[in-house]
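Next comes just one chain, in structure tokens: the form predicted alone.
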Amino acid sequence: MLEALQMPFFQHALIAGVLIAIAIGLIGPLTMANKMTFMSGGIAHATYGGVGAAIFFGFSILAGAAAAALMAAAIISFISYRYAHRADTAIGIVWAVGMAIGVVLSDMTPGYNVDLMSFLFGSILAVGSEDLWLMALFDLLAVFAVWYLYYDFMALSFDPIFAKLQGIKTQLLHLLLLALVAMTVVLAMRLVGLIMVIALLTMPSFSSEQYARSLGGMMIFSIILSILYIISGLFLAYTYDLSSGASVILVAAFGTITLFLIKKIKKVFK
């Protein structure tokens, strides 16, 4: 374990894990409170289309993923407000088409030799110093946005009709939240992969909802759990030579089930 800490790539992965955990801890509870899990899944999978486009046209994969994620967020936000009764269908289409575009463009790329698994399931080798700066910058922006709009987000999460009557621009706020989800997905892609990032957004939030008494408390507890899950998963991946994304998700699942059982047992003995 101490040997791993001396390796630059593992140090990068640990720092990235903490930075990603902050974003996930902030955005995850808002995603759950607004019932956006399926929307987030659509954004995550559509992001792969941007990865494929970046590989095919030869520009930054991070830029391609971010563009695709933000575009998917805008489409999903628009449809969910204008055609709410068809939102699930639209999300499913965005989900499937984004993945299909990514696969086709990757197949069409001459001499393509990039490991797709690192984008779909994450890799601790994929995190570079440039990624760390971007993650840190996004964390600052996310913290500021959530702090500045905290009561607006809280109103949107628990009573959107009342929020609208209070003059809050709920559609714009909804779009902003999905944009934050989109960027969280893109930055977490390197570490846990596009396939499993939604599980990481969901599980710490689910546990924090059971133990915290406020939205702010949920965020703090979710950040702590996310840090613990990600760091433990990275050490597990390094020790047994496993995929970092899968390891993090398994640790998170174990922690989520354990906390759920503890809560249930406490209720029985009260």
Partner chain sequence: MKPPAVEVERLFFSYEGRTVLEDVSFQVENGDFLAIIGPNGGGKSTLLRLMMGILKPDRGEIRLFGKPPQEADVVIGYVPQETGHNLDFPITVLDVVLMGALHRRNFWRRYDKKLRQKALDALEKVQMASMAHRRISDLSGGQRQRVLIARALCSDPQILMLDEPTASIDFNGQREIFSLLEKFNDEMTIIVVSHDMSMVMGYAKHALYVNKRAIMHTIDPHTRYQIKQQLSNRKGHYCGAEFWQDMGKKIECTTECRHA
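Positions refer to the first chain, counted from 1. Only a predicted model underlies this, so the values are computations on that prediction, with no experimental measurement involved.
Omitted from view is the form predicted together with the partner chain, to which the following refers.
Using a 4.5 Å cut-off to the partner chain in the predicted bound form, each of W147, F158 and E209 places a heavy atom inside that distance. The closest non-hydrogen atom of M99 lies beyond 4.5 Å of the partner chain in the predicted bound form. Among residues of the shown chain, A33 is one whose heavy atoms approach the partner chain to within 4.5 Å in the predicted bound form. The partner chain is not shown here, and in the predicted bound form it never comes within 4.5 Å of any heavy atom of S60. Contact annotation for M154: at least one heavy atom lies within 4.5 Å of the partner chain in the predicted bound form.
Only one listed stretch (190 to 198, 123 to 131, 158 to 166, 73 to 81) carries heavy atoms within 4.5 Å of the partner chain in the predicted bound form, and that stretch is 158 to 166. With the partner omitted from this view, the residue of M203, M218, I27, I230 that lies near the partner chain in the predicted bound form is M218 [heavy atom within 4.5 Å]. Contacts of stretch 77 to 105 with the partner chain in the predicted bound form, defined by any heavy atom lying within 4.5 Å, are made by H85 alone.
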